[in-house]
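Just so you know, structure 1 and structure 2 below are the same protein chain in two forms, each on its own as structure tokens.
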Structure 1
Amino acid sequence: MDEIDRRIINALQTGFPISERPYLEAAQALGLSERELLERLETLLQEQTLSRFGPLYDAEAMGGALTLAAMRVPEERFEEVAGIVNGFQEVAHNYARRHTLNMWFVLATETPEQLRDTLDEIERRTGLTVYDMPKITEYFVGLKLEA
């Protein structure tokens, strides 16, 4: 990663223009052409320096639902269960943990009703209990990772 990539990553974490040509506007603020910005973002994604580039939506404000869930997965079934859980388009993140509850994932659905249905379906397909840990209070941390 060179200095220009660092500037792109650091700048675009704290805001992205909402306009007819947002990439052009962002590129101009960085002293780049629109094409160069798009090519650099594509390269950062292809090289997996970035895992994702896109907006974060407040699913609950849009009528959806979110929850953090955990499972106790026998080690010998971990990969199998991870494949089942990751096969649900509603699963946003899935992490292995060194804990009795060794699989943690975030679930986002279009409606609150779909959340319970999806948790139930994961339990049915894996044969394992899913522990639902819904958000009680939301905090805005403002996380920014310096490149």
Structure 2
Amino acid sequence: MDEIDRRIINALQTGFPISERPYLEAAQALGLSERELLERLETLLQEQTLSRFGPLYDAEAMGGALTLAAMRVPEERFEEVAGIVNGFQEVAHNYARRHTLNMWFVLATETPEQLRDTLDEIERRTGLTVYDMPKITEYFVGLKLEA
């Protein structure tokens, strides 16, 4: 990653145009050619410096449902429970965290009913309580990372 890549990442985290030639517009603002911007974006994606380039949709605005859930998993059962939880395709992320509640996962489903059903099914299959922590209010989402 060189100085030009850094400028691209810093400038293009928001505000990419919806227009005929959006890469051309973005490139001109950066003093680059359209071709160079496209090539560099392709490399940044291949190297996984960027995890994605494109629109970020709001799952809930699309009618879907999302929640954060936590479990208190006995150490000796941790791998087994992780296997059960990860087996649900509705589980998008799952993290081990240092806390009494030691497993934290995000569920994303197309409807709120599927969310409830999945949480119930996880409780049934693991025999453990799932603490559901849906967002009540969102104060901020998004972060500009300085490259």
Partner chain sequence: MPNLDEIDLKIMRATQAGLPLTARPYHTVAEQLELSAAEVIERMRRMQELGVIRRIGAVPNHYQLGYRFNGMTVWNVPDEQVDALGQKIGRLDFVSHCYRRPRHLPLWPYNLFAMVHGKSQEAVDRQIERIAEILGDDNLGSEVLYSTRILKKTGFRSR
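The structure presented is a predicted model; accordingly, all values stated were derived computationally and were not measured. Start at 1 and count along the sequence of structure 1; that gives the residue numbers used here. What we label the rigid core is the largest C-alpha set whose atoms superpose within 1.5 Å from one form to the other.
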Form predicted in complex with the partner chain, given as structure number: 2
Did residue 100 shift 2 Å or more between structure 1 and structure 2, C-alpha, core superposed: no
Residue shift check between structure 1 and structure 2, rigid core fit, residue 19 Cα at least 2 Å: yes
Post core alignment: residue 79 C-alpha displaced by 2 Å or more between structure 1 and structure 2: no
Residue 46 CA shift between structure 1 and structure 2 in angstrom, with the core used for superposition: 8.5
Between structure 1 and structure 2, how far the Cα of residue 56 shifts once the core is aligned, in Å: 3.9
